[in-house]
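This document opens with one chain alone, in structure tokens, the form predicted on its own.
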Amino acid sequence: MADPTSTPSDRSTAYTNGIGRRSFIRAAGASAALGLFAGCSGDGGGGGENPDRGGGISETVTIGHLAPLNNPLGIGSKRSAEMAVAEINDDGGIADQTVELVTKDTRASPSEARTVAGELVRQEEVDAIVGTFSSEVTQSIMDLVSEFNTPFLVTGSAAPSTVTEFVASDYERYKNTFRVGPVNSHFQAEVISQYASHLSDRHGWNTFAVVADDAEWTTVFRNRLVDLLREADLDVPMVNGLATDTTSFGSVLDDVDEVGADAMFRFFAHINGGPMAARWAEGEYEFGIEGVHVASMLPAYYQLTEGAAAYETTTQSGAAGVTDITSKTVPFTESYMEKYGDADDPPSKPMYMGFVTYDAIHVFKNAAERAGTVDQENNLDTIVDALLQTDFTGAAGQVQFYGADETYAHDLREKRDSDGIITNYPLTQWREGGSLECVYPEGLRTAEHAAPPWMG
């Protein structure tokens, strides 16, 4: 059904399919997960051209938004983008110019992303693009948007190669690209290694299995994370990459159990781990399930798994809005829930990409006003310099970027506490009854991490 929240300035229409609890936990594959990678997709839309931009900020500033709209995570991003644009327009726009948002559906496909990104830069003549979920999609459009000098603010994908192999390697060509979040997976691996040490201290868990999507973003977890864990004197007897269409998890769980792991770090963005959680809970396997799992970020995940998700954790930018990462985190979450909590289509909370997209649009506004222009054709360097000056308190955390000459040029800077613990990639845990708690890091914690009761 069409997204009831569409506004006149949104020229795309989102569609999702509902999914019941039993079909979720018995799903035949990743394509059945929460509607995350299934369902009918939006029509992509059309639309007219924008006014000539001249040398400064035109009558209308147009921001393009790219997301998979057959995925609740993409819908959360779209809604969050709409909220950011509405707030900016209510506050006078960008340099007193009205902001228009045009959302296009990537359908989680690199080829489709190239098509709709082409519509944004050629027909819509957008002043900036925000979004993209997977690293494969992000990287598939970088040549195109750089050709048009369009500022591109990534809000969903995490592969370090987006900056190391593009921006840092060919700066003049790709200097238009910045990542507002999440922190790249090089730093995500460090977060998980620090978290593993915390689990060791709290529960005596010293042996970890690593299971991941066989995808670009998880390469670091299957390499650097393993090295970091072993450097911390933790055992890693199993490292396994799973095809992104994996549907059967019995042998995976049995293998983790057989190697004597205290916990499995699984890294799933493409794979639906809901059926795995159901089998894990039913079989009372003697290990925890930790790490990153995009499907488990869905607010309805606990209900969809009929409670099997209890004690499962995942990292997520914004921590689902359950803790005060900044003064904006909870108010933004509450505003989103007030507007969309009763909508027919999920999600009832922004999800991680929503938090980052919301911040990215505000980051662009501030940079455009510092630069005094959105004319990327003639003034891209001025806009890039303004973006590099960013020090913005957002709903997901503080936004600052690495400089042009650094290894992770234009990437989101990780934030560390006085002990060197990275704080802008928190972990949440589902609890009995369906509550969600932030369990790490200590400064954001709303509850201590709990081991499954059957582990004794």
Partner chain sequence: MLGDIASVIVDGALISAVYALIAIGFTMVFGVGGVLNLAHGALIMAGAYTYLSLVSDSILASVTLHPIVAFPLTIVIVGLISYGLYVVLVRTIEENVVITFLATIVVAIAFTELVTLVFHAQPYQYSVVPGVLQVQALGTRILYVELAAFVASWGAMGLLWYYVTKTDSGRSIRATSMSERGAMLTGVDVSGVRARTWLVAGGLAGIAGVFLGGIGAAEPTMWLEPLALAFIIVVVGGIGSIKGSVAAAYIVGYLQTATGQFLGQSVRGIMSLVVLVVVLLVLPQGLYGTEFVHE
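A quick note: this is a predicted structure, and the numbers were derived from the prediction, not measured. Numbering follows the first chain given and starts at 1.
The same protein also has a form predicted together with its partner chain, omitted here; what follows describes it.
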Contact check for Ser251, Glu282 and Asp345 against its partner chain in the predicted bound form, heavy atom at 4.5 Å: yes
Its partner chain: the contacting residue among Leu225, Leu298, Ile129, Ala113 in the predicted bound form [heavy atom, 4.5 Å]: Leu298
Listed residue that, although its partner chain is not shown, lies within 4.5 Å of it in the predicted bound form (heavy atoms), from Asp170, Glu147, Asp245, Asp381: Asp245
Contact stretch among 132-140, 268-276, 331-339, 358-366 - heavy atom within 4.5 Å of its partner chain in the predicted bound form: 268-276
Residue contact check: Val85 to its partner chain in the predicted bound form, 4.5 Å heavy atom: no
Heavy atom of Glu125 within 4.5 Å of its partner chain in the predicted bound form: no
Contact flag, Thr305 vs its partner chain in the predicted bound form, heavy atom cut 4.5 Å: yes
Close approach of Glu190 to its partner chain in the predicted bound form, 4.5 Å, heavy atom: no
Partner contacts in the predicted bound form for 189-208 (non-hydrogen atom within 4.5 angstroms of its partner chain): none
